[in-house]
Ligand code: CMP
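Let's start with one chain on its own, the form predicted alone, as structure tokens.
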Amino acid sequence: MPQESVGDARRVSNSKLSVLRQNPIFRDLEPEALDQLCRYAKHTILKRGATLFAKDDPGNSLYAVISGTVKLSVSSPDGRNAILNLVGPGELFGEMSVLDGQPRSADATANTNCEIFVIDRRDFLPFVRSQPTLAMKFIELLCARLRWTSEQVEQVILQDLPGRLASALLGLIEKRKPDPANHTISITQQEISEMVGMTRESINKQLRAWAARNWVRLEHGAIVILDTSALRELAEAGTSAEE
């Protein structure tokens, strides 16, 4: 094997270990078990806009994001879109269909250029059966997903636009465990509107009002959070502080 290929293979292997070891689901595995899991993981590079799977596809694989962002979304027959989640580095997705054998519940698209790992269901299920503590970790993960979904429903039903928007922005920041101090969110206003269920025009108006108060700064394709305390108070109150 050429030296560059050896170096590339070593880099991919190390990044597998890093991504999986840092994830709370896998970090307590014994080194031998983690090495075995890494042997199952296939490295894939995706261009922005590439589709990983569509709603109702078979759930044949589990995914882990190394770099970039994957969008999980659903759409209506009349063309409306709703973003359910943006999955970033170190996070898993696709586990529900892998575990229960049912079709995919959403579309998964590369929201940016991405590096991911793909683990085939035929390899993963026997591995989980051989690791009882791992099964408990996935039960905890599914419970966390259910709680998160309940919170999203609560926000849509009970919060007004400012509260929902503040909650969404804070949630995107807090998901960044590797770099929690980074308050720049790479997201468009259209994507935010599809997350909170409001029009892009309403989102733009609210963000500009917050920018005038120095709570946020608007950049091309990104939002920088300047005052997390103000947004947190707004999210908890659920009302007020529009223009």
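The first residue of the shown sequence is 1; numbering continues from there. None of the values given here were measured: they were computed from a predicted structure.
Only in words, not in the display: the form predicted together with the named molecule, which the text now covers.
Trainee: In the predicted bound form, which of the stretches 109-117, 127-135, 144-152, 160-168 has residues with heavy atoms within 4.5 Å of the named molecule?
Mentor: Selected stretch: 144-152.
Trainee: Any chance 183, 210 and 223 all have a heavy atom within 4.5 Å of the named molecule in the predicted bound form?
Mentor: No: no residue has a heavy atom within 4.5 Å of the partner.
Trainee: Test of understanding: in the predicted bound form, would residue 53 fall inside 4.5 Å of the named molecule by heavy atoms?
Mentor: Answer yes; at least one heavy atom of residue 53 falls within 4.5 Å of the named molecule in the predicted bound form.
Trainee: For residue 173, is any heavy atom within 4.5 Å of the named molecule in the predicted bound form, or not?
Mentor: No, residue 173 sits far enough from the named molecule in the predicted bound form that none of its heavy atoms falls within 4.5 Å.
Trainee: Answer for residue 95 alone: is it within 4.5 Å of the named molecule in the predicted bound form, judged on heavy atom distances?
Mentor: Residue 95: yes, in contact with the named molecule in the predicted bound form.
Trainee: Is there a heavy atom of residue 121 no more than 4.5 Å from a heavy atom of the named molecule in the predicted bound form?
Mentor: Taking the distances in the predicted bound form, the answer for residue 121 is no, it never comes within 4.5 Å of the named molecule.
Trainee: So which residues in 62-78, when you check the named molecule in the predicted bound form, have a heavy atom no farther than 4.5 Å from it?
Mentor: Residue within 4.5 Å: 72, and no other.
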